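Read the single chain below, which is given as structure tokens and is the form predicted on its own.
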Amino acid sequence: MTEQLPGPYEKIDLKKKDKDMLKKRYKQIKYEVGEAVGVIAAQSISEPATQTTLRAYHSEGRTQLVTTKGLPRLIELFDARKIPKTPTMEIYLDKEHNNKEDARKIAAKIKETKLKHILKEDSIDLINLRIELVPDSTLLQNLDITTESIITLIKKSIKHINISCENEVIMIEIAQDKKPDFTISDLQSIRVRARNLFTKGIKGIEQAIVECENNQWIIKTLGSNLKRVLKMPGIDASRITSNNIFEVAKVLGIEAARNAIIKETITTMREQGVDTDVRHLLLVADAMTNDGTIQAIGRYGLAGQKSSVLSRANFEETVKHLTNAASGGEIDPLESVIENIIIGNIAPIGTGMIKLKVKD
């Protein structure tokens, strides 16, 4: 009698229908020895990708959250751009905070608030040569910001000014020792600097929209700061997502970045009606993250680091690769497809992998 194996190796009794389905799926995922899976993956992704939209921006329905879609997004992912054009996050809430009121409160705390966002009006008084800022009392109350904290922030950030407050109007004047030299343009530059001062929230998150999907409240953001958001109370850290793959790699590790590449790629392609098999995308994501870092597929990434001289030269910068190889005495092992096709050999794929010996 054989001993029962523990954990995931325990024997599971399946119905005939389930067994047949598993056998069918297993046969579907098999491939022949010598099949050029890399070439097939490249073709299966690239050809349908040419049919996707060329528009870089798309408004997601009523939310008006502008994000990069289609071919520009695929190029961003496969080129491994450090910062995407439109970084976004999807923030899920835990059970305790999964309601509209808490979602709005957390969204208000997350969204980057600059001084200009909480001002009712701001102007330059040309008679008294000063800047006048009028904060919106309702917004101050909602965001839990006081007039005193605004004055302190301006004092810390801008030098050589005198600041006072009267009837909830903040007045900024250039200090007396600087007055003989200053012009109206100096006042204008101080006004612009004051308006752009970071007041509250998380830097980099320009917009936060609250939505309800399947009884789950989600905060969708324009801008990403995964490290800071994960520390916030009320967030479900296990389900939070970011489309910035380098940020994911830095905060959660390379395996999470690999999953992010797969998720972003398949989501982008499915939105455009492209039904590429996920295994091709898995292969690409594995290749991009194989050495523990995220590498692009272009000349400065995987294609430019191949061991074959001819394969590198075939892609881009032909003269550079051939010259460097010649001057360094490099030898091409002729182990892959491209270099064998270039010199007229049979490529080592499919039946070309087999070498026959004939007895004379």
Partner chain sequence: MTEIYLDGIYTGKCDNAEELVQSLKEKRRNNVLPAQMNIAYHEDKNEIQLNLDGGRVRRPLIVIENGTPKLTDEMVKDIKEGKLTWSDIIDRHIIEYLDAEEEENAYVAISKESLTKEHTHLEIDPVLILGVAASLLAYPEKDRGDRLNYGSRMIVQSTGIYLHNYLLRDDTTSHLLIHSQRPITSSQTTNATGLATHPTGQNLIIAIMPYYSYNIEDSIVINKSSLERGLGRSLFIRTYITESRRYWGGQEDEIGIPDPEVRGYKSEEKYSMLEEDGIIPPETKVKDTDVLVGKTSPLRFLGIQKEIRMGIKDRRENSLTVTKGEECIVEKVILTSTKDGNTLVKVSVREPKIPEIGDKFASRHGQKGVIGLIVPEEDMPFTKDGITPDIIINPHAIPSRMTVGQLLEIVAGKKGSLEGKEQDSTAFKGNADEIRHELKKLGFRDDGKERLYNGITGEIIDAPILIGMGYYQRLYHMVSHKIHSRSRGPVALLTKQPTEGRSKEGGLRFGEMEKDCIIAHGAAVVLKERFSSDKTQIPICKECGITAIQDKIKNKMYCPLCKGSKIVNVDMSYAFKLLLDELRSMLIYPQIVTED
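Numbering follows the first chain given and starts at 1. Between two forms, the rigid core is defined as the largest C-alpha subset superposing within 1.5 Å. Source: prediction; values computed, not measured.
Keep in mind that the form predicted in complex with its partner chain is missing from the display, and what follows is about it.
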| property | result |
| --- | --- |
| Its partner chain in the model of the complex: contacting segment from 22 to 30, 36 to 44, 295 to 303, 66 to 74, heavy atom within 4.5 Å | 36 to 44 |
| Residue contact check: residue 14 to its partner chain in the model of the complex, 4.5 Å heavy atom | no |
| Interface membership of residue 310, its partner chain in the model of the complex, 4.5 Å heavy atom rule | yes |
| Residues within 4.5 Å of its partner chain in the model of the complex, restricted to 331 to 345 and counted by heavy atom | 337, 338, 341, 342, 343, 344, 345 |
| Core-aligned C-alpha movement of residue 322 between this form and the one not shown, 2 Å or more | yes |
| Large Cα shift (2 Å or above) at residue 44 between this form and the one not shown, core-fitted | no |
| Rigid-core frame, C-alpha of residue 298, shift of 2 angstroms or more between this form and the one not shown | no |
